[in-house]
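Here you get one chain, nothing else, as structure tokens; it is the form predicted on its own.
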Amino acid sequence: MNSQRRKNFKIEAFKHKVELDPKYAERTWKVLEHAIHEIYNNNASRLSFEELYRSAYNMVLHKYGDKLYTGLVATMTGHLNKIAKSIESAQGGLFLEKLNQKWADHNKALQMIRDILMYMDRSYVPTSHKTPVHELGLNLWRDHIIHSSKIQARLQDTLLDLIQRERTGDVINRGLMRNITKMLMDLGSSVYQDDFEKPFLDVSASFYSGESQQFIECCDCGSYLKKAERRLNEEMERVSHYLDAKTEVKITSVVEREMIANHMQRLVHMDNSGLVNMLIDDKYDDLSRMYSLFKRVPEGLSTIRDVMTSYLRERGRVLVTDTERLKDPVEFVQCLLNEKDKHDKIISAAFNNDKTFQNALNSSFEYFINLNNRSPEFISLYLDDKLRKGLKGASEEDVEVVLDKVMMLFRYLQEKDVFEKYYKQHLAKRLLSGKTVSDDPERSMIVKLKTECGYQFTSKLEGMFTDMKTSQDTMLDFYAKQSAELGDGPTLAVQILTTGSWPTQPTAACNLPPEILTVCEKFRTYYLGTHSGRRLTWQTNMGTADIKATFGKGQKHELNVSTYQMCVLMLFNSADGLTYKEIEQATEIPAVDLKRCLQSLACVKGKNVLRKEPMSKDISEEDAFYFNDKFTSKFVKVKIGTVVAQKESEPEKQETRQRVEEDRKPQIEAAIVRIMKSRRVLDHNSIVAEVTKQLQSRFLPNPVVIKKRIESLIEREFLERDKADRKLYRYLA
């Protein structure tokens, strides 16, 4: 195949040079210049835009772009100078309207001119690094109109004056304002900022500084906050209507600084209306307003939080040290719960459930509840009151609400083991006396404690319920096997308590009446015959009895009394009167318990089945007691409670505290051994810190006690001191 020869094509220039009329450029420009004048004079309808476009196109094509561009600048400048004079001559309120009208006309003219000179914009302007026609028109407007010596200051003053008038309640033409500010924005962000925004912010700062000072002198805190909120909303509305959206952050910042940040301390501490008064009077709306306004400024919320915390701690301190309130533990705890409910509601309704405020509330409660070392006892007494009778008839949901509230206070306690001690005592009395509302709330409370503190905390409490169930089964079996031997004697109901689970104390057994003693011995024989290797000890101080009594005129009553009271009353079957010494000798009841017992039988109005001589509220060893034949009651069944302080006496309190301290020792030692076993070598301060961390869920161990337990472990050779550094301890395997 023969290869074809390639042909090279070449484009050559015209051999005949085209000669243009020397006056072509000048003549064409005159046509275009006339067209621009007509456009500015609103006579554009008579122009042929197609011919004008072709004329401009040819000028650029024949390298007369520079002449066209220079002529455009000169022509537009001339027109703008005339427009400037027209605007300057406008009087009063017509000034802005004239400016707005001329701006609209200029924009319209600029659009037409740009269409005519489109080819110049596309070819000549980029290659010559010139400004495009539209941008050029804006720049010329800026330089010859807006920055005119007679317009610039006047425009600024007019705009600021209108805003000032609007702030003082006048109605202004917002549409006109929007057009003018948009013009400034269209001319470039720097024009808007320098010619309007900066002076606007400065004037606003001055205005709000003066107004805030005026308001704070004559308003209470709530009214001031309303005014500040209204001003803030007004400024945001103003921005949305006729200012640049970016101005909102800046103007609201000015209002926040001048009306809130500069007066925060004075507002929260304002006499009779500040934050504390709002908290006391439950002013949710004012508190919510303060929260939302202060949230906008630096350190605003921390200011509210600090004042609230100081107020709560002081109020709580007064509450927990008020001697009158301490007389009634139930009222004391109810006051704490009311305070918690009140401030929880405030944080929820006014402070947007802010976690930092909730934490501040919790830390305040933890602080003042632990100022009173009887708080664990009082919380247990409150629960005791509720679980005995306070929750009778309450729905399951209501019971859960009460228990959850108590658990909330329990979490604040640093000495949870002290609460456990008291709770165990009170639970034991409820279970043994059958005074609990029902088992369900009791078990629910134990589940909550178990969830909070672990199995170890509640294992003995659960053991108490197990014992009660086992005791019922045992008594059923006892009567099933012994019914023939027991005959018509007294009915016995025994609760068999496991020593480790119940808060029993060694107590001298009193002398039971012979009728009761016989049945007790039969039960002892039955029980020890059924269970080998066990020992029974009667806890007569914890029992109750129902006895039938006949008074004058044959009136019969059934008396519900304690075991001690039964022992005393049974003595009067064989004697009409007995002295204190005779009763003490016959029953061998401990003196403290005997006095309480006699006081409840002889000194309580409506329950005085005995008569005391001489009559007085207190029991002395010289008193004599007689069966009260004249006793009457509208009830067949009469419950005679033992006169006993609801809360512990000082000696009892000391005894409980001592038992708690003793119980803590093995726990502290166990924690030390656990830590040293894993760490092997540790200095004294680190051990104290680690032990405190491990045990703080139950109690805060005293560093002095920790030191003593370390010494004890060294003596028993669990640990040893380092020979070189005496502050270091080593674990001995």
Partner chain sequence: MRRSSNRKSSSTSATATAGSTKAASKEFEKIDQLFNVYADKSSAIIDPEGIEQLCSSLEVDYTDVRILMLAWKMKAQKQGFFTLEEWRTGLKALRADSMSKLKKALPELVKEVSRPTDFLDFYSYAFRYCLTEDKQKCIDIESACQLLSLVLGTQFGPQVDKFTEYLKSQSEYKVINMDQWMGFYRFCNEIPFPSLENYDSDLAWPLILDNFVEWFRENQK
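Note that the structure is a prediction, hence the values are computed from the model and not measured. Positions refer to the first chain, counted from 1.
Another form exists, predicted together with the partner chain; not displayed. Remarks below refer to it.
Colleague: Please check if residue 41 has a heavy atom lying within 4.5 Å of any heavy atom of the partner chain in the predicted bound form.
Modeller: Close contact is absent here: in the predicted bound form, residue 41 is far from the partner chain, nothing within 4.5 Å, heavy atoms only.
Colleague: I'd like to check something about residue 679: if you look in the predicted bound form, is any of its heavy atoms closer than or equal to 4.5 Å to a heavy atom of the partner chain?
Modeller: Outside the cut-off, so no.
Colleague: Report yes if any heavy atom of residue 727 sits within 4.5 Å of a heavy atom of the partner chain in the predicted bound form; otherwise report no.
Modeller: Yes, residue 727 lies within 4.5 Å of the partner chain in the predicted bound form.
Colleague: Could you confirm whether residue 684 comes within 4.5 Å of the partner chain in the predicted bound form, counting heavy atoms only?
Modeller: Looking in the predicted bound form, residue contacts with the partner chain include residue 684, since a heavy atom lies within 4.5 Å.
Colleague: Tell me which stretch of 703-711, 43-51, 28-36, 64-72 has a heavy atom within 4.5 angstroms of the partner chain in the predicted bound form.
Modeller: That would be 703-711.
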